[in-house]
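Here we start with a single chain on its own, the form predicted alone, put down as structure tokens.
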């Protein structure tokens, strides 16, 4: 049997707890052809370039599939100009300039939610940071934001698990796994019912706003709206769960930083940016396709090739970051973890705010936390990487006597696509 290549080893679950030595090995060939004919790009410079290159497509449909009626993909799987129209119609109700208060206006509710979760640690000698803290917080937030009943979480979590598993680059370009197909059908059916309810009796939530949009460009088509709703519900919590869990794990491995955060809550802003670089929730972007021959790093990626961008390898690239394997919250982290170009992460401002609040509350109130197992067990996905469980022992919980200082809005906002382009060229 042939020895597994570096990228194949990265995809193997046995390396999920610490893939970073393999990422260093992967960067020795910045643009690496794989046995199946696909290409893997791993250095900061080359990943950043391709994130902004219009010759790399996110739309994997054939011409016939694009022309056929039926399910429309989310903006994650669209190229401009279709992507830009769908993103613009969605963003109208999520952020500046039309709805600047959507995320900022949730600050007090987010702070109260995370405080209640820490309250529930009282009287316990051990908690699971994933099940008791990192998961329920962003799930509660995205349900509130979208107008999804919180009690429906057991239903949609089953579909989410199946669909997250389908992002594995080991899979097929066109996934015909019956379980995946059925999960998509069931998930869309569930969301179609919710959209119909919100259209009939709209509330203050995002789904109501999208379903009843009367803006100058009209509203998303029903198929487009279901694709967006599915994306927002999945991405709105999956990545943040991993980021918060990795945040607690990293703080417990760096007790000096934990103590600094305990004494200075404003450190959370820089700390979360460094955490995004050091332990990115989205390790790689698989399933992109070259629309033309692309010369990169001395290699030609032929037109039609499938390409994977390994963000986590780029974020540990020593040519971009001094001493990249050291966690340093004082670093200026221009990381790749939210992607870039037109597909820059839609929910970045919310993910940043949630993680800043969660880590600050944990650091300030949980007394003498310590890891039970290091490394903890990891979830299967090599794309959305995070601990499956994170058991932590503690001696008690301090009272919620003081509200966390509110970060300045300009410190948590996302870069615009135009600012991203300037950053990439710079």
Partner chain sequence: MRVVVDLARCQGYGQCVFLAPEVFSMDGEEALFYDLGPDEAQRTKVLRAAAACPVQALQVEGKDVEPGRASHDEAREDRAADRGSDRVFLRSGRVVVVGASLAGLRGAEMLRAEGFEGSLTVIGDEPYEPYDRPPLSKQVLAGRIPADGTALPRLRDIAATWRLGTAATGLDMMAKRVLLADGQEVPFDRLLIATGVRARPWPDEDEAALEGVISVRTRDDGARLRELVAAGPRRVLIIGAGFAGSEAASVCRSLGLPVTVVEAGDAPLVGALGSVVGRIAAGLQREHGVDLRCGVTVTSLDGDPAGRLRRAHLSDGSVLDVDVAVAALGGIRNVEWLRGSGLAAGVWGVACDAGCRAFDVNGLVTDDVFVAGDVARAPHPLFGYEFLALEHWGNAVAEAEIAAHNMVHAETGRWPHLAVPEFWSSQFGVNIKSVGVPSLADEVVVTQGSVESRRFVAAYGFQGRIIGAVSFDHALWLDFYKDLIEEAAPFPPAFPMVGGDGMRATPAGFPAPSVPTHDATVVVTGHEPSERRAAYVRQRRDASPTPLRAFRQAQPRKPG
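Owing to the predicted nature of the structure, the values given are computational and were not obtained by experimental measurement. Residue numbers count along the first chain shown, from 1.
The next section is about a form of this same protein that is not shown, the form predicted in complex with the partner chain.
**Q** Just one of 190, 94, 159, 135 has a heavy atom within 4.5 angstroms of the partner chain in the model of the complex, so which one?
**A** Contact residue from the list: 94.
**Q** Which residue, 90, 356, 283, 240, has a heavy atom that falls within 4.5 Å of the partner chain in the model of the complex?
**A** The option sitting close enough to the partner is 356.
**Q** Among 246-254, 340-348, 306-314, 146-154, which stretch has residues whose heavy atoms lie within 4.5 Å of the partner chain in the model of the complex?
**A** Looking at the partner contacts, the answer comes out as 340-348.
**Q** Is it the case that residue 333, even though its partner is missing from this view, gets within 4.5 Å of the partner chain in the model of the complex, heavy atoms only?
**A** Yes, residue 333 sits close enough to the partner chain in the model of the complex that at least one of its heavy atoms falls within 4.5 Å.
**Q** Residue 389 versus the partner chain, in the model of the complex: is there a non-hydrogen atom within 4.5 Å?
**A** Heavy-atom contact with the partner chain at 4.5 Å: absent for residue 389.
**Q** Is residue 54 near the partner chain? Define near as a heavy atom within 4.5 Å, in the model of the complex.
**A** Residue 54: contacts the partner chain in the model of the complex.
**Q** If we define contact as a non-hydrogen atom of the residue within 4.5 angstroms of the partner, is residue 101 a contact of the partner chain in the model of the complex?
**A** Heavy-atom contact with the partner chain at 4.5 Å: present for residue 101.
**Q** Any chance 22, 328 and 365 all have a heavy atom within 4.5 Å of the partner chain in the model of the complex?
**A** No, the candidate spot makes no contact with the partner chain.
**Q** Heavy atom within 4.5 Å of the partner chain in the model of the complex: which residues of 247-281 meet that condition, in order?
**A** If the 4.5 Å heavy-atom criterion is applied to the partner chain in the model of the complex, 247-281 yields 266, 269, 270, 273.
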